[in-house]
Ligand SMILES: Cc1cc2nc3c(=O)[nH]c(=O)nc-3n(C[C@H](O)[C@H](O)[C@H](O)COP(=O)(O)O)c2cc1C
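There is one chain below, alone, in structure tokens, taken in the form predicted alone.
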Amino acid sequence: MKIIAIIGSPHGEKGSTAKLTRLVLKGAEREGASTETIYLQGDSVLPCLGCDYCHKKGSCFQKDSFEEIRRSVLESDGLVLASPNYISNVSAQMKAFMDRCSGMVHCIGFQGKYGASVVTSGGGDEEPIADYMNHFMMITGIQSVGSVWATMRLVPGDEFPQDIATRAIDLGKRLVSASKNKEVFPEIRKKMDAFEQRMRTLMQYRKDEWPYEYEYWKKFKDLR
């Protein structure tokens, strides 16, 4: 079993977000999963150009790391998304990755995987950002098992308090357990079903403009 963590922090592996994410991955590894961490920094994933190329052709023409990262997620069993709180939202690095997943949203391309989200901040208000990342996962087909966050001004010293560390490790364990057991979360599944119907209608409406996605839906989702 493989868990991929994508960290959208300009501080990379040295930041608080990475540190908290490592605890989540530690929990996953304790349950037998292998893990990989991808750091989004600088020009590793460029902003979306809104050109519709991916909807027409199935991939992006920009020469950066996005397609490689996308393949890594497709080949994994679980995804951890991690971002600092930047003005009540995810970082620019994480948002660029999300925007570039437009084709995966339209095709619900990560369907069957499980996920979790990680947020850190200096002053608080992490939960809405965790919810936003969980929503993103839902519309790409990923069932999130939950989130963990930390307000760094409340963290004394260099180590996370035991309660936060325990929640992070348990979240990683929960992620692996849900994936192994193919759990279904009824509330998430209900939202997924509604979103799938929305995308089904969109594909019928844009079938001439977005030939790759229309053919994908015909082949894998029985669109008629």
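Source: prediction; values computed, not measured. Residue indices: 1-based, along the sequence shown.
What comes next is about the form predicted together with this ligand, which is not displayed.
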Among Gly123, Pro128, Gly146, Gly112, which has at least one heavy atom within 4.5 Å of this ligand in the predicted bound form? Gly123
Option from 84-92, 68-76, 133-141, 104-112 whose residues, in the predicted bound form, bring a heavy atom within 4.5 Å of this ligand: 84-92
If we define contact as a non-hydrogen atom of the residue within 4.5 angstroms of the partner, is Arg22 a contact of this ligand in the predicted bound form? no
Is Arg200 part of the interface with this ligand in the predicted bound form - any heavy atom within 4.5 Å? no
State yes or no: in the predicted bound form, is some non-hydrogen atom of Ala96 no more than 4.5 angstroms from a non-hydrogen atom of this ligand? no
Within 4.5 Å of this ligand in the predicted bound form: all of Ser9, Gly15 and Met152, by heavy atom? yes
